[in-house]
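Shown next as structure tokens: one chain only, the form predicted alone.
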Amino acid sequence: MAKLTIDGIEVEVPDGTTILNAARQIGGKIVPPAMCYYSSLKETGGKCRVCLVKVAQGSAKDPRPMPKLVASCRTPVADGMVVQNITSPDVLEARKGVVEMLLINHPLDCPICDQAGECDLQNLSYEHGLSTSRYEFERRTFEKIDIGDKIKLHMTRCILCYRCVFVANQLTKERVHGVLDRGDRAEISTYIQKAVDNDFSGNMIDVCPVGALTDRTFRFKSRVWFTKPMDAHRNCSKCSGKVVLWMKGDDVLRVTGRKDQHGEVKEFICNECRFEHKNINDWTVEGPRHIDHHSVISQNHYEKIDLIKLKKEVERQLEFQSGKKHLTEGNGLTQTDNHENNQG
């Protein structure tokens, strides 16, 4: 086991755990964002660079800081390590730069994008992005193509996170798509427009952090915040059969895998469950899906509140705020001083 400190909060995790997963055990604002890492898929991470953190102390044995910011999704912890994420101005400035880079070629079509309301890049740009772009050159664009009868590829929106490639490698017998070319010409595509057709290809839609891969059966039917997400299951010989039904009235508009608090699907579902069972009678509905209250999807969705969980969340937030206050006081500043400096 290794003990480390992240933004003033100490946590103990098994050896070999990455900094990102150690931060996830603490939770809250100190968890670095991740656009390419996916815990359910092997060898992911290290491509988008939005999870960069500062290691102020390498370990108890070697207290020297790491010379550069490191990708938290690929860097293992060490006993005595001290990590700075949101408490480091260098990290926040670097994250702004990475987000600006990701947005260079990304189109401003959130109003018509099916991913709006559940888009990781949208959340990142709101928190770290600039109000205007400094990029003055021609942006690269691609034609929208169908890479199967159920999946639409909008490559102009893609940030090359490689998640869909790892899904195909690890869930299917034969991958027919990947990253073609290199540098600014790199793109996700199939070999000679070959169709992606296998029992688990729909999971490419779930793991895509932006609107590059969308469900053709749900395309332009509704905004996600106008739907009611419901947990449901059915007996399926191909997968677990545990899904989320996105409903409008009694109609099932789409079916997706269940994502955790980090936006990751733990149990991937088959295409039969996803595309061929859009009738509510095909499912056993368990109840409303818990949606984080910070998400726009949670608006007007009421569910039974677990008071014990709510109490634990409040206590965790208070502990985090207390740790953050002690950290700023240790630097010779109080939270009030920081606020006044920011205002000045």
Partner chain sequence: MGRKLLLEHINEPGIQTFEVYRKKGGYASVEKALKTMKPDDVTEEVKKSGLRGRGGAGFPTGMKWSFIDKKSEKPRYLVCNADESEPGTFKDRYLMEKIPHALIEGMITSSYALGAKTSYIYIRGEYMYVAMILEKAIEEAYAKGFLGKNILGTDYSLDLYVHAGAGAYICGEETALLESLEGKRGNPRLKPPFPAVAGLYACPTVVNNVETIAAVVPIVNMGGDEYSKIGVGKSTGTKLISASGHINKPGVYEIELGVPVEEFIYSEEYCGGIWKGRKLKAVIAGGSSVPILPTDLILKTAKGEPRLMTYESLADGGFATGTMLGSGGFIVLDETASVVENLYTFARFYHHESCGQCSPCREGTGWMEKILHRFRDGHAKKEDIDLLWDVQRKIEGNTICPLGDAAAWPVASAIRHFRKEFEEAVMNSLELAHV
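Keep in mind that what you see is a predicted model, and the values were worked out from it rather than measured. Residue numbers count along the first chain shown, from 1.
What comes next is about the form predicted in complex with the partner chain, which is not displayed.
Chemist: Sort through 127, 251, 109, 184 and report the residue having a heavy atom within 4.5 Å of the partner chain in the predicted bound form.
Modeler: That would be 184.
Chemist: Of the options 277, 47, 54, 290, which one has a non-hydrogen atom that comes within 4.5 Å of the partner chain in the predicted bound form?
Modeler: The residue in contact is 47.
Chemist: The partner chain is absent from this chain, but in the predicted bound form, do 10, 34 and 78 each have a non-hydrogen atom within 4.5 Å of it?
Modeler: Not a single listed residue reaches the partner chain in the predicted bound form, so no.
Chemist: Which one of these stretches, 81 to 89, 115 to 123, 160 to 168, 146 to 154, sits within 4.5 Å of the partner chain in the predicted bound form when only heavy atoms are counted?
Modeler: Heavy atoms within 4.5 Å of the partner chain in the predicted bound form occur in 160 to 168.
Chemist: Considering non-hydrogen atoms and a 4.5 Å limit, does the partner chain approach residue 212 in the predicted bound form?
Modeler: Residue-level check for residue 212: no, no contact with the partner chain.
Chemist: Verify the contact flag for residue 140: yes if a non-hydrogen atom of it lies within 4.5 Å of a non-hydrogen atom of the partner chain in the predicted bound form, no if not.
Modeler: Residue 140: yes, in contact with the partner chain in the predicted bound form.
Chemist: Using the partner position in the predicted bound form, report whether residue 226 sits within 4.5 Å of the partner chain, counting heavy atoms only.
Modeler: Although the partner chain is absent here, residue 226 would stay clear of it in the predicted bound form, with no heavy atoms inside 4.5 Å.
Chemist: Should residue 74 be counted as a contact of the partner chain in the predicted bound form, where contact means heavy atoms within 4.5 Å?
Modeler: Yes, residue 74 sits close enough to the partner chain in the predicted bound form that at least one of its heavy atoms falls within 4.5 Å.
Chemist: Considering only 97 to 115, what residues come within 4.5 Å of the partner chain in the predicted bound form, judged by heavy atoms?
Modeler: Those in contact are 97, 98, 100, 101, 102, 104, 105.
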